[in-house]
Every structure is written in structure tokens, then in C-alpha cells.
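Here you get one chain, nothing else, as C-alpha cells; it is the form predicted alone.
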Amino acid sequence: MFNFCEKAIEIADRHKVDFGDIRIIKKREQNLSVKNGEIGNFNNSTTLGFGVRILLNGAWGFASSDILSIKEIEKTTLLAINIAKASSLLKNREVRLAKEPVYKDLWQTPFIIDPFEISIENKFNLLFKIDSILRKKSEIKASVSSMNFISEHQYHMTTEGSSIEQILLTSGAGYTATAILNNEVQVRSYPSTHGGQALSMGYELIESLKLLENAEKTRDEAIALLKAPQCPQGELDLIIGGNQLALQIHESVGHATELDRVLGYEESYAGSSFATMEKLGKFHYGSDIINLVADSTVPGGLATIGYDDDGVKAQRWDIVKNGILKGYMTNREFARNIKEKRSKGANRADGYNSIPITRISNLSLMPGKYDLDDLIKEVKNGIIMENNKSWSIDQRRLNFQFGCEIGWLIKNGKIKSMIKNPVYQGITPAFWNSCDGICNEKHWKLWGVSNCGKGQPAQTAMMSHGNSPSRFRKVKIGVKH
């Protein structure tokens, strides 16, 4: 494949571009689902294509193709050059890239079991077994169980001399049971909502999730929610963790610290950010115990890579340290705006036919000192919420509302009862400053976000957010009808 890459670089060099690169990507994807006792979806596809990015006269040009030939490489590279020339006539600033060393490397996602070596029959057999358990009681009117696997083989070459090959692998699975009785609808998911849990691993992830073992509990909780009391309203203490805290991190910290969004480049489509550059190093984003770390090297993370699509080596850095805003998600184009000599390596594209843009890396809340039982014991009147159900956040990532699948009422340090339709609201810095307890490493876990949308044209990216259950004081709690 690198012989094709060399042709694009040769043409780019001949036209004396400021910077150029080519990414050839072969992607295999497998999606399986069972819905209400029948096959709901099956996709087993492979795509192959390349994208050429050119920086010339301080402006970008990009073109792509799904025809892999020397002739097509020449045609597409020249098109990207011409687009860059045209873009330079309308530019309002010069694009200048932060420096990065030259790399010649091969990086691969570590895994134990290749999911594509497991037969389709075995995968569907597991999904049908789960479905059978979920639908064993009449109150369950809908059930969906699914598995998803992606293998992405990338070849990346730049005019600076980097030549990087990466083989990325992700696996995921989950299921949902919907209970209905007397016009009341309740849903429970396992191990998390929005498609289940996904990580950069092999089929060993599926085996570790204990999907069959938790199907009965998931089903019965969906049914129990039908008759559970409504969530109380008022200012109460809140304990959240799991994929709900992951989404809280994602929406109120991750997107808020993407530097392109901070600079206004996403404003017309997806909004901007309150975490503006003058706050860097000064702003109290959260309480002193809040430490949020971006890390594209953490094992299992969906954004764990060897190199980003700028050819920047994976790294770990602080976003919030001891409550203070310390960093942003950056690429080589925007790193200079905060006077950083080097990008943090957060530039990624959704496939060969998309230009790389700044994306959230793996972003995690570091563990604290509490055991979960002790965290609960210190709550006189509060709620535990689990599994995201809905979310809403304003265009500056300040005002938000989240709904969850299930909650548990806490009274005088003890869990008293299940509650349904729990919702909480807040303002981002006030919410994170109200955190006074975080569970320890024993409770810490990575949660995958598989469908983060951004950009025009729209792209999807994946990342993970680690956390352990955390306590927030005097949060506005309500009921979602």
C-alpha cells in the first residue's frame, strides 16, 4: 500500500506544498442484532479507499476516492492541490502547523481473540439466547440485543517523511428490554445504553461482559420500574457513575475543551464553548478533587491509537487538574493558538473520505479515595442514578439536563427503594464544583462512546471515558414524564 502513498507524496512535493499527506484505509465492519426473536440486522462489509490532504499557500485542500490505482492517486492528489489553491484565495488567516517528529512505525490494538474469527453462527446463538431470556415474561414487549466489530487497517504517509501503519480493532455488545403495562413504558439496558459497551479489544470483551448472566436481572428491573414510585423533586445529593457519568464527562467537559469549538469553528453547526482561552490555567472548572485526564494511550480506550491523523504520537495530558482548567483537545493546526509547541494528537477522521478534525480523546475522571458504601453512608437525602436515557445541553456546554433509566432513593445513608424516571439538571462549573466524593480505583472503569457526531459534513468518532461513582451535593432533581 505504501507504494500508492509514495505516488501522492511525490506529486505533492513536486508542487511544493506546505504540507501533504495520504491515508489509505481498509475497513471491515460486522454488525449483528436480534430483535423480538428475529434477526434484526446483519452487516458484514469491507470498504477500501484513500484521502489526500494538501496545505498550500496557507489553506487546506482535500479529496478522496474509493478507486485504488496509481492513475486515481494522481488524479485525486491534483484535485486536492487545486482545491487548496482555490481555498487560499478566500482565506482569512494562514494555516501553520505545529512541529512534530518524523515517525516510521507500525502500531496495532492489543487483543486476545480476533472477533472476525468467531463464527457468525456462534454470535447469533448468543444473541438469541439473550433475547429468549429477555422475552420470557409477558410485560417485555420489545427486546434488542446486538454485537458490533470494526477492524481498520490504515496506511499514512506525509511530505515530512512519516510513514505510519496502524491496525485498529474495536468490539462491542449490549441489549435492551422494554416493558409496557397500562400505557407505562420503562426500559433497562445492559451493560449500558446507546448500543452497549464497546472498547478497543477483541472478542474477549464480549466474554467478559457476562451478557447471559445479567439478562434476567435486566428484564426484571425493567418490569419492576413499571410500578416503582416516581423520582422525588428538589435539591438532593446525587451519586452517578457508569455510562451516565461518562456521558456527563463527554458533554460538559469533552466537547467544551475541543479547541476548534473554543475558537468558534463549530459554532454555526454544533455550538461553541464557555471554556474560553483566557480561562486556561485559572478557571475553577470543578472542586479541588476533580482531575480529568485525556489519554490516547490508555488500554482499551476507543480513542486509543499509536498516532492521530496528523501523524502525532499518542500521549496523555491534563484537561482539569485539582479543579483548574489546564488543557484542551488540540491538533497541529490549532495548537499554536494556546502557544503550545506541539499538538496533543486529537485530530481524527471518520474514514478515508473525511478530512481529520479535532475530536475528544479518551477523557477520564481520575479515581478518589472513597469506597462506594462509604460514599452512600454520608448521604442523608439523595438519589443514585444509572444508565443514561436522555440528554440536552446548550450550545456553550453550560446548561444541561440528563435523564436516566433507573434510580435508587437514599435515606440516612441507606438505599431505600427503586425509583423511575429520574432526571437531574445543572450548570457545568457549578455541577463539577459540587463534587465532594469520588470512589477509588476498585470502582473505576472505562465506558465507550461509539457514536459522537461532529463536523460538516457530519462525522462519527469513538472515544472512552473512565470514571468511578461520584457524589454531587445539592443537585436539582426532577421527574421525566
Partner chain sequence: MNSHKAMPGAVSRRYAHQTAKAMPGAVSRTMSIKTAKKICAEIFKITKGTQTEVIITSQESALTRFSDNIISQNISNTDTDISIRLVKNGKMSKVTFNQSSSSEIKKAAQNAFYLLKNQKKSGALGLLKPSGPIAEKENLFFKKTAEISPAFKALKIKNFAKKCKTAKQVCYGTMENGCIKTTVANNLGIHLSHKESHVTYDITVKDKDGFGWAGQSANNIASVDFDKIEKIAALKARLAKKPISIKTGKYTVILEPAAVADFLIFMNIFGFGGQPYTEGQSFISGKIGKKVLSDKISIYDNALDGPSAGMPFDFEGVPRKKLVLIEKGVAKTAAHDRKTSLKAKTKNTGHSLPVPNIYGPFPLNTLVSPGKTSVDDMIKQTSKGILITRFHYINILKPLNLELTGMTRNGTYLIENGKIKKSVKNMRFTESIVNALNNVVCVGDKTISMSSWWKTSVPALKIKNFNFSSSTEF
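Numbering follows the first chain given and starts at 1. Just so you know, these numbers come straight off a predicted model, no measurement behind them.
The same protein has a further form, the form predicted in complex with the partner chain, not shown here; the description that follows concerns it.
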property: Proximity to the partner chain in the predicted bound form, single hit among A228, I133, I393, V298 (heavy atom within 4.5 Å); result: I393
property: Of S434, T47, N57, N440, the one that lies within 4.5 Å of the partner chain in the predicted bound form (heavy atoms); result: T47
property: Contact of E184 with the partner chain in the predicted bound form (heavy atom, 4.5 Å); result: yes
property: Any non-hydrogen atom of S33 within 4.5 angstroms of the partner chain in the predicted bound form; result: yes
property: Contact of I427 with the partner chain in the predicted bound form (heavy atom, 4.5 Å); result: yes
property: 4.5 angstroms heavy atom contact with the partner chain in the predicted bound form for L212; result: no
property: Residue stretch of 361-369, 69-77, 96-104, 167-175 approaching the partner chain in the predicted bound form, non-hydrogen atom distance within 4.5 Å; result: 69-77
property: Contact test, all of N41, I83 and N399, partner the partner chain in the predicted bound form, heavy atom 4.5 Å; result: yes
property: Those residues of 348-379 which, in the predicted bound form, come within 4.5 Å of the partner chain by heavy atom; result: Y352, N353, I355, I357
